[in-house]
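Below, in structure tokens: the form predicted alone, a single chain.
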């Protein structure tokens, strides 16, 4: 690493700190999980500098959307960030918020003044800290914002030593490390995000079979469409949705579409139903939804998607397990804004499988992961269960090595490192 970068990182490690402490739900039980709910940056720092009261590892948590052990501790400290949910400031180009605020709340706040975020995430219940710290799936309207974390202008981080660090675009290398860092470089207290005037949009929708969808994939990738697809493998049915800005002329709208289909509609045609036992049922999500997401290179996704459909049919025939919710497909453009971006080297299609059925899910996901690696799929650490640590190190390569070295520099006592990341970072 260059000497200038080394000096930057040394200055970060040696930044000053204050110490005060929050209340903990279980302050004196080091063999169990202590839960704390900080309400200030100083309280976050106090937790990280008091390993006796708040045992290692310390893991920040928000909406609880992770489907792996990324945010979990068997014993240690769980830092619930959801009380840090205030807007701290706003300009015509940015908004500054605390990390525990949910996207849904921030979207509503900005809409009152006619603004919206430039980054997007399909799960609007996630917290700001969560969508900055890990990859997101969603229809992006800004071509420069491939992942939500790319919309971060600056942030305030409390590192593993309890020291406050201001990360800005002037320290671009450090900013790219903190984005998608899974809370391993420090706890995000607040972030400044880019915003834009609200733009009215229309969702254009259509229904195709799997073969036709596969034929459309090269054009979708070439035009880098703001596209979402919902796949029903047992029905041989795919519902496509494309976002268009309102006010386009008919000619311009037609030019934006990579294909011509007879049944394009101006509103969604996706039914509010789930798939079970070969029939559609009314979708009532009273149960918790579990999911598993992989990102595939554009050149390999067509084969991966067809294999996924065959795998679903074969697995159901052999085990009688099938996901009762459709799978989602998103086009994700190349994104180099963060070192651990899952689409750092090239654009990708994300395949996110979902279900409310837990009995049989683990075996299904394990088999899914086996063929996903065959097609060079990229796992994400908080949304992809059942992949081998050695595979992740091979896929992320030198970038993961650089991240690990930086993590050890900022958190030499491993305050933020739980067992899951100890296994996967090596």
Ligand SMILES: Cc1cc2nc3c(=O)[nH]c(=O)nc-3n(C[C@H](O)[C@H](O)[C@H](O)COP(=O)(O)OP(=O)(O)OC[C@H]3O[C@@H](n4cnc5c(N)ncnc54)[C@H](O)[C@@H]3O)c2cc1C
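Positions refer to the first chain, counted from 1. Just so it is clear, the structure is predicted and the values come from calculations on it, not from any experiment.
Unshown form predicted together with the named molecule; subsequent notes refer to it.
Relative to the named molecule in the predicted complex, residues 150, 224 and 337 are all farther than 4.5 Å at every heavy atom. The chain is drawn here without the named molecule; in the predicted complex, the stretch among 105-113, 193-201, 310-318, 180-188 whose residues come within 4.5 Å of it by any heavy atom is 180-188. Within 4.5 Å of any heavy atom of the named molecule in the predicted complex lies no heavy atom of residue 47. For the chain shown alone, residue 65 is a contact residue for the named molecule in the predicted complex, at least one non-hydrogen atom being within 4.5 angstroms. Proximity of residue 323 to the named molecule in the predicted complex falls outside the 4.5 Å heavy atom cutoff. The named molecule is not drawn, but in the predicted complex it has a heavy atom within 4.5 Å of residue 60.
For the residues 70, 372, 365, 36, the 4.5 Å heavy atom test against the named molecule in the predicted complex is passed only by 70.
Just one of 232, 301, 330, 344 comes within 4.5 Å of the named molecule in the predicted complex, counting any heavy atom, and that one is 330. Along 375-389, these residues reach a heavy atom to within 4.5 Å of the named molecule in the predicted complex: 380, 382, 383.
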